[in-house]
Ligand SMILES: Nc1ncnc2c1ncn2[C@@H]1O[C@H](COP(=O)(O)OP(=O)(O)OP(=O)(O)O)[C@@H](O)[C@H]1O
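One chain comes next, on its own, written out as structure tokens in the form predicted on its own.
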């Protein structure tokens, strides 16, 4: 068994160990048992399962996200015009632009929440219009304004999401513990979602998208929204880790410093159009005398204001 799973088991509470023992069908005949003995039994059982099962990660298609000639109208208003966008496995792509540029609309179309007026959306080889369930099963989405089921407790919500994505019970228990620890949700596990602060709701939604098996295809709209510096640092570090493991990540954000630090390539939108695309170095060639993403952004979306 990989050491990572051993660490997760070590961090579990007593009730969580009992749930894992039931999921693994590990029998305990004594009324009381030392924690170390229980953990060792769980280690050994899980190790046997991992050795005998096909545990290889599924590779994503290239591109994992493919938007072709997408247009979205709201009445007479053109929100997005003839958008072409790709995200490949092993990269983080930034979608940046001013308010009203069409970024959130793009992510809502990509995830199947709204239909495009024209164009084709393909997620890991599945067309959103032809195979919406298969496409949606593969993509994880964080909306710009976090919303969730207020009457569910945090643990109930994470378990519910795992069931929707057909995550095996053992993996559900391990991943919930892993991401509850990572996003510091322990004290809120039995809290109702409707009582959470903005930041803790965001942490809960983030934990929810990671209960599925990696590698991930992610569409994140302002993912740093509401997070304190520690939570933001943890998320950024994890996204970099996921990129190395082959996930495909599309991020929309107004925080250009975050985008510049995280993203490999950028699509810059303005008034529904892509006005710039490429790596930061390529964009700086397109916009001479610019030094960073902020100056590129301002140049392409109306010009750098005079001091």
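Residue numbers count along the first chain shown, from 1. Model, not experiment: these values are computed from the prediction.
The next section is about a form of this same protein that is not shown, the form predicted together with the ligand.
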Which of 101-109, 120-128, 233-241, 192-200 sits within 4.5 Å of the ligand in the predicted complex, heavy atom basis:
101-109
Residue within 4.5 Å of the ligand in the predicted complex by heavy atom, from 144, 171, 186, 156, is 144
Using heavy atoms only and a 4.5 Å cut-off, determine which of 79, 161, 92, 205 is in contact with the ligand in the predicted complex.
79
Residue 254: touches the ligand in the predicted complex, heavy atom cutoff 4.5 angstroms
yes
Would residue 74 show up as a contact with the ligand in the predicted complex if we use heavy atoms at 4.5 Å?
yes
